[in-house]
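Just the one chain here, laid out as structure tokens, in the form predicted on its own.
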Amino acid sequence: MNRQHPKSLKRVRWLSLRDPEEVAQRACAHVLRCAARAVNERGRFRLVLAGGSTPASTYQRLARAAADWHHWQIYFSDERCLPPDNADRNSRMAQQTWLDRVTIPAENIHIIAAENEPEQGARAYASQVAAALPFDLVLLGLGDDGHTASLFPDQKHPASELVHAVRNAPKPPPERITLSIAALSRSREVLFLVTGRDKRDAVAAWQAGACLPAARIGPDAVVTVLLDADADPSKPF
């Protein structure tokens, strides 16, 4: 098994929390704190959203929060190549739980055009990502195989790309579009949200130094991982 350099583990801050609700609570507070700082210092907040089911509770909390929404710029870490109104789209989940409930201007929400061919959608989104870098905060999840966004173990992509077309994802649907490790790493902060017993092996492998896609995200700032007790391999079942 490939191992990552020990220095890359030192920049990861692991926070073990009680349950998914505490993870969502801490994540929401972290996002709002980063947003306030970014708007105060730079006049805008550039946030990359995680997909999947884990961040939904965080997004629901954000929908009830007060923030300077007009200065937020929203991007997506990845998207499934499905029709725009499909319930399995990451953008659709974020819209239903949060984005449609607050006053972020529509032009500030940068949705991936994943209903087209993956290569076409990736090229179109790459220009938006290039204009946004560096991000202020990237939210990510962790799959049971160690993937994050739609970056899966043992898949290879051109290192020069900011956005990759994915045609053979091991989880359905096989066609996806994802930000690259290079793009996700160009952020002032990265926050992983990890919940559930099915993530324990992936967390243990990451902590042991396995070169998983999630472990390769490497911005200059510290990576923070919020774990619930079920996902924490140091906790008893």
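In this text, residue numbers run from 1 along the sequence as written. Please read these numbers as outputs of a predicted model, since none were measured by experiment.
What follows is about the form predicted in complex with a small molecule, which we do not show.
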Answer with one of 171, 44, 188, 197: the residue that has a non-hydrogen atom within 4.5 Å of the small molecule in the predicted bound form. 171
Please determine whether each residue of 80, 143 and 149 possesses a non-hydrogen atom within 4.5 angstroms of the small molecule in the predicted bound form. yes
Please tell me whether any heavy atom belonging to residue 58 falls inside 4.5 Å of a heavy atom of the small molecule, as the geometry stands in the predicted bound form. no
Heavy atom to heavy atom, is residue 40 within 4.5 Å of the small molecule in the predicted bound form? no
Although the small molecule is absent from this view, report whether residue 73 comes within 4.5 Å of it in the predicted bound form, heavy atoms only. no
Consider residue 52 of the chain shown here, and say whether it contacts the small molecule in the predicted bound form, taking contact as heavy atoms within 4.5 Å. yes
With the small molecule left out here, work out from 22 to 30, 203 to 211, 171 to 179, 59 to 67 which stretch has heavy atoms within 4.5 Å of it in the predicted bound form. 171 to 179
